[in-house]
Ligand code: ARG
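We begin with a single chain expressed as structure tokens, specifically the form predicted alone.
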């Protein structure tokens, strides 16, 4: 049989160099299972519509099963005479069962809607796998947050010690960002999980197909109504790449925090040695290489979003070969983000907090200056701008952070500001020197007081559970469709 049977109107075979240049065969392995699943569903529908008979569907489904088994066992041959996976699978089916039955598997569809359905099936599978990874990671962070309440540390602005906080407050911030990514994944999933199959090349088909049935068989939530939209749109790919890009940005910044905190200059955390390397010449070194690579690999994900946009931006409406370059970009981005999550799960599960060092850093700084200024506002009704000046003078004139708690020095500054009529209470200093008491004075919602941290951690836990329920519904629908389709296949091949 002629192998280039998609070239019926072209007499010459494709030039070997052109074929090599045009081929997406190796990239298509990423979607080979989805192509088999889509072909199964399409042909079951063709049988139910009376377009192919019982004998033909049995042969087709058995042949597709053989191909899947070969792929599973690493025995499927990527024949480089073919430019992509779609004609290669069709060719294998026809070679196996003959043209009379095998030649019907492509009835009522085109490679254009076939590619689109494969991509949507693959992306939704990747999104569900990523969501599962996200939930595992947030569980680790949640546990760490609970364990690190009362682990006091500086909060930073401009990389300078700004206010007193808790390590769990940072972790809750990480969890919040990551759960927002999962919210975006769930929203994007709704747009991904629509059926383009049946749009054919671009304008539909006169064959009596049933798009609603393939939607059910593949576990989609509905069909894409416009045939051009079905085969031409790639906004769903850009949307997912943008979500992955945003996620990579978060993960890169988290990694940067850990790199800084692990330095001897900060020394807030100790990274487990299995995630670090040593120096080839300096025996004292413990390098956070994996975190550094997360920063670099995150840049690849972020740039992939831009790369995909540049591929699509000048493509007219319709299907064009340009689109095939999006597959390796998607695959790379998903692979990298999942590998990053695996590393971070290990790092956060094993790292140790240096609580005493963090408290020492707090005590060696003027980090409680704002708290002191606000006590003057709350207890003595002094205008904040004036308390800002008072504490600023105290810091400027002091030689040691302990001067911040020297009642006589505070009185002297008050005297300079003509506020010598104030009678400072005996509890004035003690209320701020106790770190727990100091934090618990932060009554604004969202602050790192113990009460707020616990409330927000429970809120995050509830949000995670709600999102996990949505994820379960997504996977359950696919499992039900797979089970129903496999049951039909089993009945038809008996």
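Positions refer to the first chain, counted from 1. It should be emphasised that the depicted structure is a prediction, and the values quoted were computed from it without experimental measurement.
Just so you know, the form predicted in complex with arginine (ARG) exists too; it's not on screen, but the next bit is about it.
Using a 4.5 angstroms heavy atom cutoff to arginine (ARG) in the model of the complex, all of 111, 115 and 327 count as contacting. Judged by heavy atoms within 4.5 Å of arginine (ARG) in the model of the complex, the contact stretch among the candidates 99 to 107, 125 to 133, 81 to 89, 250 to 258 is 81 to 89. The partner is absent here, but in the model of the complex a heavy atom of 319, alone among 319, 236, 137, 174, sits within 4.5 Å of arginine (ARG).
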